[in-house]
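Both blocks below hold the same protein chain, though in two forms, and each is given as structure tokens: structure 1 and structure 2.
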Structure 1
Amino acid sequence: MKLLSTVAAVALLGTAAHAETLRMSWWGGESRHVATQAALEVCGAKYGHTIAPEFTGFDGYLEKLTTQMAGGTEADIIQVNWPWLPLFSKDGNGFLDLNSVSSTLDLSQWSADQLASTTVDGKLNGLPVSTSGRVFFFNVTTLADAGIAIPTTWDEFFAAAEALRAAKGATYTLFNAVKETAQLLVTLSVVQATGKDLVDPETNRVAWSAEELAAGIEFYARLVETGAIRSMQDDAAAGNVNLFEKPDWANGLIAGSYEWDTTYSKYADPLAEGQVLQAVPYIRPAVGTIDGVYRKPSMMFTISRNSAHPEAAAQILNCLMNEPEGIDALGDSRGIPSSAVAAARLAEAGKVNANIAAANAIAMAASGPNVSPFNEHPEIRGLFIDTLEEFAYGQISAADAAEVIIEGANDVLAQFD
């Protein structure tokens, strides 16, 4: 009788769960593939579903997903790069609105700002898997050797640059700023001054005036002219080597940079013995303003609008992101989770690098407007960097550079009206 009751209970559970067969697609390396497959196994077993994994490296993933989305053959659960959101869902209808399965998905584990970053026209298109932000890293050993405090304002920053050269010699530079980092420092300057992101979400056009952007470009010029950073010409003469590969970085002759919080180890590991890298709060103008944080989802999990089993997909998605089985299996294979319960569980288990966690905490606490994924549209990003380089080489004025960037960016944005 007891055996019969048990069998009956299992049968009822299976019926209630409506066991389904789903698919999930993602990109990554071997460690992510292994972790994700393990997570799908335990979450599938928990809810009685079978999830077929579809995984590749990053190269070619966008092209494959584009073909699938065009034909309506995409997986039920999809890992999507955040900058691709306008490409697949410019009106918010490209993916399932996750608000429609909020009784299954615990959306309370994400902040309002995090959810806003993946919302299009009121529709929640995905859940941030991890949230990254640019933060200031300083070699505190170099600063301490020169008797310099970590700067907190831009006035202190420029004073520190001068003091470092006076104490250690002309071969020392306070900060790094080339290519994308230089462009994002210009962006930071404009955002701190105006409180506006590059793109106005209401008009889908550049939110900054030409004068505001020109001021940001002139700020970059001041960084170079005062010796706070090396010029693009000097960096090119040195071979345009990645910062983490430069001997001057390893030996503390370049004392800081503005990088993603998740890349702490990438920049700390090459440092010579005795050198210590530390994430610090945002440098701001002396007069009260926002931090101007550039914070974004590193990627998001979505559910296909064509899924025949959205509730089952939502069960698996919630397990992956919010439930112990999925959290433990995925670990930090995609960075520090954006889900509050997942981040807390991994931290308690000692599975998060303390320095990366400290950098992430700074990025998460910082103030700033929501960042549009159009900031990373390849045409807009490329135009911004190339035009800033023309300015750096004296081929164009700050005012003209601002006009070129705004006009070109608006041409790209107009394609998404």
Structure 2
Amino acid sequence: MKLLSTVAAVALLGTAAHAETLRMSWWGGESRHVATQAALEVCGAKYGHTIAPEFTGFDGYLEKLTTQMAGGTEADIIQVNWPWLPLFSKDGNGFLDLNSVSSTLDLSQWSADQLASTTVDGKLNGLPVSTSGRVFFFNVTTLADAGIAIPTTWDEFFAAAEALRAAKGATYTLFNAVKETAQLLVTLSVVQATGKDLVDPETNRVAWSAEELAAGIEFYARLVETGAIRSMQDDAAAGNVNLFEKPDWANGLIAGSYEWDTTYSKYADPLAEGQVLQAVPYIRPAVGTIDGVYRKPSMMFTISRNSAHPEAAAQILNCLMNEPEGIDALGDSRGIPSSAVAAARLAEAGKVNANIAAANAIAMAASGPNVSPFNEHPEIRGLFIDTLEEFAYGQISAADAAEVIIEGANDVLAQFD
């Protein structure tokens, strides 16, 4: 006993000698905040470091991080959205090259493809936390009430939209599509028709022709005209409100949406008692065509290049992603982990929410081209959404909207040649 306490005291002294004070920043919802703080506590205790948490919702996180990065005051460990890589690390020097701490960080838990997705100019800028994709969610309670089967093709989808309105009244709509979701539905339509992502990786220019994009925009118009989704005018009437905050979503009057698989709980939790949300396989033009999945590393953890204690930060990062204490504490708060050891441990322990696992399985199994991070470049996304809005309000034709988007996106892409 005496020997044990002596060993413990020496071990404590050993870690205390290297005890560092670190900061970690992330965005998320309440459950993620709670889980991450718990994980930081156990990992900090394990290595004797103190980690100050800095967390917010997604809105405003990019602005805050940008300001910190500009001033060199970012946290030691940072949660970064994968599409932001070109913004912060055009040449790979925006973050610490994690290869430099690979003796501490077990990189073997990620596949070569996964590591390649977060590598810029040969520098490993981050570790994918999870891979997520947009999937179709339906309120199966509303559909069952109306006697409608879950659609698998777009023809069935439009028929279901009509059947829902006939059965439940004009206040019911089958699907939601505003802002990013509207943009991604147009993208989905074009990808399903052409098999190409927005950006051609060879030329670093828009891969779609104006005609192909115009057809996607016309597809959005058809969604509105058939009453499958609400018009932008009607949807904007609620003001700047998220879908999951809308009473019509909670009460099943909007019966579906196209969202990230990892956000299942965010959309399922607000539903009224008895309503069930379910992720379903991709709706396609016809059987046999590609799904056109929009899938990407959902987020990554990285270490600041300005961190005074990169080794200590790497210890904590490894604990969060690869060690039992961190894995158990984080659970599925960021979806199904990309780290092989973490995914296996959570699966074995049955700690993954079955609905999130089902949604993730659909996203992982779906087919589609590789997605460029430029799809979510703020300027390209802003231009796409603004132009789509002009089209929705009748200010511009689909053909002109397609020209505007392609020309503007190419201007942005040219800055990265």
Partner chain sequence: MRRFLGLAYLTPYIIGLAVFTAVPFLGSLYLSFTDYNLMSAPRWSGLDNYLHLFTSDRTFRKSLTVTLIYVFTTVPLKLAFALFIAYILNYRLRGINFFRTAFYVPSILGGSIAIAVLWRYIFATEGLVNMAIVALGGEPVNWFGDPTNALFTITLLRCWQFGSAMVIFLAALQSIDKSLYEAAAIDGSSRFYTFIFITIPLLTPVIFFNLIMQMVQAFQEFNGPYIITQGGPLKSSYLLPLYIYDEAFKRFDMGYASAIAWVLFVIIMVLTLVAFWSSKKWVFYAGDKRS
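Residue numbering: sequential along structure 1, first residue numbered 1. Between two forms, the rigid core is defined as the largest C-alpha subset superposing within 1.5 Å. Bear in mind the structure is a predicted one, so any value in this text is a computation, not a measurement.
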| query | finding |
| --- | --- |
| Answer for which single form is the form predicted alone | 1 |
| Residue 384 grouped with residue 308 as one rigid part between structures 1 and 2 | no |
| Whole-degree angle by which the smaller rigid part turns once the larger is superposed between structures 1 and 2 | 29 |
| Once the two forms are fitted on their core, CA shift of residue 303 between structures 1 and 2 in Å | 8.2 |
| Distance moved by the residue 90 C-alpha between structures 1 and 2 (core-aligned, Å) | 4.8 |
| Residue 81 CA shift between structures 1 and 2 in angstrom, with the core used for superposition | 3.1 |
